[in-house]
Structure formats: structure tokens, C-alpha cells
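Next up: just one chain, as C-alpha cells, the form predicted on its own.
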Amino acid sequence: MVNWDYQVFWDEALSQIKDELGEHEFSMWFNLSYASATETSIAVQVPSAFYRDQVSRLYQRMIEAKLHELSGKTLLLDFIVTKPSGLASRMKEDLESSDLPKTSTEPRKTAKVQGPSMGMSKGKHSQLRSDYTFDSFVIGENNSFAANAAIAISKNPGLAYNPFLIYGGVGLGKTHLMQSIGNRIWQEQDKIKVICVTAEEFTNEFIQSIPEKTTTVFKNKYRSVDVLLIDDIHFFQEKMGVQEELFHTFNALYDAGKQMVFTCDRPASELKKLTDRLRSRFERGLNVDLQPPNYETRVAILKKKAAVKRVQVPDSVIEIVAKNISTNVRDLEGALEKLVAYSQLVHKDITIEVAQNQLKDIFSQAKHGNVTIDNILRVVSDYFKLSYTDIKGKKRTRNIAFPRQIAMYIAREITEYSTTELGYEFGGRDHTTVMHGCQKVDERMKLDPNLDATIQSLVRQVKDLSSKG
């Protein structure tokens, strides 16, 4: 009987992973012991089932890819749960009672590693990005509800939260989350048909089928899927023929219990140029929004991306980027890409000075953007059917004072103006007036859930107006 020994590859894999993750994260989760091996697997001892589940979800693919890179072999991990130590038990209790966003702790099915960057058993789906997975999606306060709903859908497609609509601004992770659902289902469920297209691709394919007389083929293709993922459904507005086709496709899939997931840049209720019956279909299931990531989440995103790229980025640089770019995930990734490219091309370490110099234009644009107080005043005054001068003027009647406070609140939220600067912009008012107005809006939002939706709608209108000008 052959005695397989991969201890040397195991030790080197953990050594490299420790360098990539850092001492703190490594010491928390890599309490793993090499036990034995077969030709195609390594048995690893872990202190508890909880520990096994967490390591499997967070790091198994990373470890397997590292082993493949070092050994040239496909080596799968098998976890052996030993009697939990007191420390492991306490860690389990601490994590389960924490206030961190909860994600799936279901152990991942063992996957055949096809290369250092893969880790999927079925091979790549032609319409899905292999890097758009739940493992690479950073969960924070802005997206925990959407992410956990997506994970639940991937476990039981078609049974709950159907359809599932994810909406929000550009670069916040809508497509990533939608494709993560598709990738998880594709990899873990046999004989399942998944289609992922943009609304534009769906539209073009439908239009092309008409002169080619292949509409029956088109209908059969989309009405026979198990999971349908469509990106950017706002593109369907004003396209009545496509809307009609999508309506019937929706009904066929819904009646058959097939899962549908859509993304959009706004809530379905704001898609005014859709037919009422199609809009009602989009609103039928679960609608969730993605907000810009908070500071802690931005830091986590940057650290995760740096680890994936295997580059050393000091915490001080991570922090300055996270503080200066608060718009969306895409802008954060773009900034990091620029720093990495500069470092590699000129052979210099990434320092605060390098970051400040190379990203000064990005920092300036992210901080101020094209949003102006004028745009905010115009959008708010139009919504409340007031004049621009009313909101900026001295009148304090109730029908004017509250819209003015909303405009102040929006300006405080999406610009970098200080309260003193805002007071000047709002007719030369004192900064305490601005603070009071923002506080009033905050209090009203706690009592009136609809107000938050109204403000988010106004914010989107301001940003749309600003992007055009």
C-alpha cells in the first residue's frame, strides 16, 4: 500500500497563506493539523464542527488552490472533527453571539480544483464570471440583508424570495451578488439550467429572432430554464414588444416554480416606463437595495482585494483610500488597481505618499463629484412643487421649512460640505440651523419608513442630474 505524504506541501501552503492573511487572521482560523493523506486528498483535524464549517466556507478553496499551485496535484481537503477544546468552544460561543452580519455556515461541497484560481467542480459557466462568488463578496452593514437573502436563494432556488430584485447605484455589487447565486447553484446542483444575460442582450436576441423566424426557439430557450438571471432591467423601459415577451416568460417560469433574479438601478416602483403588469411582477417577490459601503466595509473590501492580488498594502494606505473614496466598490477597486500597477511598473513600495500622489485626482473627484447644491435644490423643489428661491429663501412656513430641511439633509449626506458651508449655501444660515434641520429629518425617518424611500429617490435624481451636467 502506497504511503502518501504531502506534509511538506501542507506546511509551505500554510506558511504562504499566513503571510498573505496576516498574523491576527491566521491565528484565529488556522488551528488546523495535518493528519493523513491519500493520493488525491489531505485529512485535516479541526477542533469543532463549527470551526470546520467556518474554515470550509472562508478558506477551503484558498488552501486547495495553494496546494495545487505548490504540488501540481489536485488535492482536496477532508476535515476530521476532534473533541473541541475549551478555547474552541469559547470561540464558537463568541462568534455565534456577535452582532456581525450572519452568513451561511453550511459546509461547502468538496470541489475539484482545476487550477490555482478556480476551485469549481463543474467547470466555468459560459455566462458567469468565475470570480463572482459569495466567497469573494465582502458583507457589511450596507448589504448584509441582500447577501443573506441571496445565499438562502442559492440553497433552495424557486422556493422562496422569487423573484429576487437587487437594486442600487453603479458599482455597489448588484451583478456580483446576482452571479454569485448563479455560480453557487450551477456548481452545487446537478442537471440544472442557468441563463444569465443583460437586459440589452435579452432584447437584442428577441429582436433578432423576429426576422429570422426563430421566436419559438427563443421562447423555448428562456421558458425552459431553472434559473434566469437578468441584469439591468431598467433597460426594458419603453421597449413594449420586449416587455410583452418578458411578461409571458416571467409567468411561465413563476408558475413552474423556477427562480428569477433581476438587478436594477432603482426600485421597480420607479420604473415608470414599464407596463403596470410587468412592474407588479418585479415587485411580487423580495426587493432589496444595496447602499454605498460604510468605512469598515470599505477597509475590508480593500484588504480582501489586496490579498487576492497577493500584494502588500500597509494598513495606513488602506485607511486613507477608504476614507477618501466612499462612492462604491468599483471606485475602491479602481484605486487599488492603480496603486498596484504603479508599484509593479516603477518597483516601489505602496506608501501613503505614493497613494496621495497617484490618487489625488480620484480623491478629489470622489470627494466632490459633480453634485452641487443647485442640483439638490432643483430636485427637491421640483418634487415638493416649490420654487428654487422658496427653499433657499427666508420663509419659514411648514410647507417650505421641511423640504428645506430635506435638501440640507441630502446635501450633508452626499457632499463633503461642512455645516458652516451648507449654511452659507442655504441663504446664509447659521451652521446650527443646518444641524437642527438634519436632526429633524433623522427623527422623522424613524417614525415614517416611507420618508427614507423618498429621500433615496431624491438622491438618485440628484446624482442622475449631476452626471449629465
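Sequential numbering from 1, following the sequence displayed. This one's a predicted model, so the numbers in the text were calculated from it and none came from an experiment.
Omitted here: the form predicted together with adenosine-5'-diphosphate. The next part is about that form.
| said: Is it the case that residue 143, even though its partner is missing from this view, gets within 4.5 Å of adenosine-5'-diphosphate in the predicted complex, heavy atoms only? | reply: Answer yes; at least one heavy atom of residue 143 falls within 4.5 Å of adenosine-5'-diphosphate in the predicted complex.
- Query: Would residue 329 count as touching adenosine-5'-diphosphate in the predicted complex under a 4.5 Å heavy atom rule?
  - Reply: Yes, contact at 4.5 Å.
Taking heavy atoms only, is residue 379 within 4.5 angstroms of adenosine-5'-diphosphate in the predicted complex?
-> Residue-level check for residue 379: no, no contact with adenosine-5'-diphosphate.
| query | Hey, in the predicted complex, does residue 136 get a heavy atom within 4.5 angstroms of adenosine-5'-diphosphate? | reply | It does: once adenosine-5'-diphosphate is placed as it appears in the predicted complex, residue 136 has a heavy atom within 4.5 Å of it.
Of 210-218, 329-337, 189-197, 352-360, which is the one stretch near adenosine-5'-diphosphate in the predicted complex, taking non-hydrogen atoms within 4.5 angstroms as near? Of the stretches listed, the one contacting the partner is 329-337.
*Heavy atom within 4.5 Å of adenosine-5'-diphosphate in the predicted complex: which of 325, 185, 246, 301?*
It is 301 that has a heavy atom within 4.5 Å of the partner.
### Query
Tell me, which of 279, 305, 155, 258 has a heavy atom within 4.5 angstroms of adenosine-5'-diphosphate in the predicted complex?
Selected option: 305.
(message) With adenosine-5'-diphosphate taken in the predicted complex, which residues across 150-176 come within 4.5 angstroms through any non-hydrogen atom?
(response) 169, 170, 171, 172, 173, 174, 175, 176 sit within 4.5 Å of the partner.
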